[in-house]
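Just one chain is shown here, as C-alpha cells, and it is the form predicted alone.
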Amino acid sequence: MLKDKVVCVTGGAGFIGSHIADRALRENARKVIVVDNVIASRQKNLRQLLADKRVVIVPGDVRDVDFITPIIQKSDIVFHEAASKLVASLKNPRTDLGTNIVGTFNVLMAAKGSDTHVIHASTGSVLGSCDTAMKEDFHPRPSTLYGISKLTAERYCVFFAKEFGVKVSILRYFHVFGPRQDYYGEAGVINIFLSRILRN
C-alpha cells in the first residue's frame, strides 16, 4: 500500500506517529514527511529515522493552514495523527479545539481536489462511557471536550468525503500501547498500569 508513495505523518514525532513512519519506511515508501510541533511529542522518537534519506522532518503545526497545505498536496497518503490529547484538553481546551478540529479541517481542505488519501486518527473517546459492551454501531455520546473535538473532526472527514470526494479513512484507537510510549505520563493507561506493577 505504501510502496513508492509519498507519505506524510502529522504528529509524526509522537508515540503512534513515529511507529507509522517506521512502518512506511519498511514498506518502501518513496518519501516520508514527518510533521510535528513537538509540543506533546518527543524528538527522541525520531532518532531511528534520521539516517534514512527518504525521511524529511518538518517542524510545524497543522493549525497553520499556509504551512500544512503544500505538504498535504504533495503527499499520496496522509496519516493524520496530530492531536491534542485527552489530558491536554482539560488543561487547555482552546488548543484542543484548534488542533483537533481546525487542524483536521486544514488537512481536509488541502486534500480537497487532489488524489491524497487522508487516514484520520480518532479515538474511542468519541463514544463516551457506558456500563455495557459497545457494539460497532454504538451511537457516539462523548463525555469530554477531547471526545467532542475528535467526533467533530470525524464528522468533517465524513462530510469532505461525501461532499467533495476526498479519500478519507477514520480509525478509532482504543488504549494503544507499545515501545516508545511514555510510562510516566497521564495517558496510555496500559503502560501506566504496567509501570506501576513493575514498581510494585
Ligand SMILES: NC(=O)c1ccc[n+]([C@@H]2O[C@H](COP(=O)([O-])OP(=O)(O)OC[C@H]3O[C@@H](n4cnc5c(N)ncnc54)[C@H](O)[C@@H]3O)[C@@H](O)[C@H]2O)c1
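Counting begins at 1, following the sequence as shown. All figures in this text were calculated on a predicted structure; none of them were measured in a lab.
Beyond what is shown, the protein has a form predicted together with the ligand; the following relates to that form.
- In the predicted complex, at least one heavy atom of V38 sits within 4.5 Å of a heavy atom of the ligand.
- None of the heavy atoms of F160 is located within 4.5 Å of the ligand in the predicted complex.
- The closest non-hydrogen atom of K85 lies within 4.5 Å of the ligand in the predicted complex.
- Though the partner is left out of this view, G60 does reach within 4.5 Å of the ligand in the predicted complex, counting heavy atoms only.
- None of 171-179, 25-33, 137-145, 151-159 except one has non-hydrogen atoms within 4.5 angstroms of the ligand in the predicted complex; the exception is 171-179.
- Heavy atoms closer than or equal to 4.5 Å to the ligand in the predicted complex belong, across 99-124, to the residues T99, A121, S122, T123, ordered by sequence position.
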